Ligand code: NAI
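Next up: a single chain in structure tokens, the form predicted on its own.
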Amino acid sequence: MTQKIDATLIPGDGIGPEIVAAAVQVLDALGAPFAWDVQAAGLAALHSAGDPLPQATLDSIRRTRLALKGPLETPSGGGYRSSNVRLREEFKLYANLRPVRTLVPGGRYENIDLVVVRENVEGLYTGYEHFIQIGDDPHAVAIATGVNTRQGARRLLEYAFAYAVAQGRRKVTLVHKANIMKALTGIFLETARQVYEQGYKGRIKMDEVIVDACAMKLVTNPWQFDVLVTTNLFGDILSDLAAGLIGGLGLAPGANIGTDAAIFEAVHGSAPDIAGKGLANPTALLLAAAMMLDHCGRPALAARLRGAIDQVLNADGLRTRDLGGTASTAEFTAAMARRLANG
């Protein structure tokens, strides 16, 4: 009998409960060994427990050290602080891994296969910001402070280079803005050069590109890139851009990796406008679940899950509306379960 792996399951907000339920159904059909501890976070948790990140949820992840999470709603310009950011800080999830690979052929770009590795707990996401009042305007001036450390940069860069070598990738590209932000991103670039020279030169190629030039090159010739490594804000933006190359965020998984825990998620938001309508695409979360299986040492199950996704999308031609199809969430999920049952 396969040994069970304890894992925290967070349904999330908006379409989250729908795609999480779909993922659990598909993982059950796969025979994945997860034993779920269901916990709340985000707006749903605020309504049920008075806190968007309840202590029970934190305690669960601290126990399991593993979580699969639906999207969490974060208010813009006010309200409570992002639960996603709080989770990354609480568990020191310093590496954000976001692979993008062409799954549906016939789009504007073909044969895309690249990975964005984003520093996940430093930079401008540390939340050191405030307003200064002038006259009767309490928000006359806004100030934010970004913080990058040598230790934080080295930790992320060591992970990125080791990942690239282990995966047989050909090149790591360091994305920065050290021509202008000479201290904040200069320390990241400087540390990358040190890490490369000390441990990875001759094992893999490394080059450097300024972030605005990188954005332009990603849409003119994305095939020149393989693994992109960058700071927090730049990684957030570029990973969404990269997802656009393969058809959108509905196909983009993410992993938040730390020393003592790992949280896997779909990159997209909670999409409350389509919640409860059966329109949500669970593919990104299923791909995140495949990453979770790899992380837990179950690569054969991960490969079967990715293979079933390819078969349903292409051999069966079954796609949700965001990919130009007509399938509902339930129809797509049922097709996935059938493929896995027959495979």
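The first residue of the shown sequence is 1; numbering continues from there. Only a predicted model underlies this, so the values are computations on that prediction, with no experimental measurement involved.
The protein also exists as the form predicted in complex with the ligand; that form is not presented, and the subsequent description refers to it.
- The ligand in the model of the complex is approached by residue 250, whose closest heavy atom lies within 4.5 angstroms of it.
- The ligand in the model of the complex is not approached by residue 23, whose heavy atoms all lie more than 4.5 angstroms from it.
- Contact check for residue 71: a heavy atom falls within 4.5 Å of the ligand in the model of the complex.
- With a 4.5 Å cutoff on heavy atoms, residue 258 does not count as touching the ligand in the model of the complex; it lies far away.
- Contact check for 126, 129 and 231: none of the three has a heavy atom within 4.5 Å of the ligand in the model of the complex.
- The stretch in contact with the ligand in the model of the complex, judged by heavy atoms within 4.5 Å, is 262-270, chosen from 210-218, 149-157, 262-270, 169-177.
- Think of it this way: in the model of the complex, the ligand has a heavy atom of just one of 185, 84, 191, 239 within 4.5 Å, and the residue is 84.
- Note on the partner interface in the model of the complex: the residue among 274, 58, 296, 49 having a heavy atom within 4.5 angstroms of the ligand is 274.
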